[in-house]
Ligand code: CTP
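First, one chain by itself in structure tokens, the form predicted alone.
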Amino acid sequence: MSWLHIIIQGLWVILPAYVANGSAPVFGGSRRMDFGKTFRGNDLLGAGKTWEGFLFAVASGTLIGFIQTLIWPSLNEIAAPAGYALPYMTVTTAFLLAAGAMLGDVIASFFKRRTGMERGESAPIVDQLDFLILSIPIALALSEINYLTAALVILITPPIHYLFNLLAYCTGIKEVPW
């Protein structure tokens, strides 16, 4: 199996998490997940973590997984003979990947607030990989990817994350380019 095939398989499996992570800021919302609570003078999670964004993100990731289940047979008909078979995706796995991505993001926000970081303040590496904290273990448990594939997904995610955040910033979806 080539490196390209491994990366394609990894991105295919983790796609619901990627979509969920990118969807939350698009929808936004006003109902804070922390209900405006503070802990030792800092927000519990921050105003950027809303129920609307969380639920929309999980729904978006799940929808992508549903679409993957629909197109998988046709894609594999083309890709498998060339040696690029894709792992099968289920809607349940997509839902868990999307929910895991959003919970990982919430966990990172909680810890960023504990260190006194303000909303929008950059935390390199954490900002790029927080959504994979739970998504990668879920993918390893419920899909056909292995540890090498998971490691490559982790390695290629920061530049992908940076480019999409820069695009979101340039289009006004995000207030900061990270």
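This structure is a prediction, so every number in the text was calculated from the model and none was measured. Residue indices: 1-based, along the sequence shown.
One more form of this protein, predicted together with cytidine-5'-triphosphate, exists but is not displayed; see below.
Per the 4.5 Å heavy atom criterion, cytidine-5'-triphosphate in the model of the complex is contacted by stretch 114-122, the sole one of 61-69, 136-144, 34-42, 114-122. Of the heavy atoms in A24, some are within 4.5 Å of cytidine-5'-triphosphate in the model of the complex.
The shortest heavy atom separation between M102 and cytidine-5'-triphosphate in the model of the complex is within 4.5 Å. Contact annotation: T149 falls outside 4.5 Å of cytidine-5'-triphosphate in the model of the complex, judged by heavy atom distances. The partner is not shown here, but in the model of the complex the stretch 30-54 reaches within 4.5 angstroms of cytidine-5'-triphosphate through a heavy atom at M33, L45, G48, K49, T50, G53, F54.
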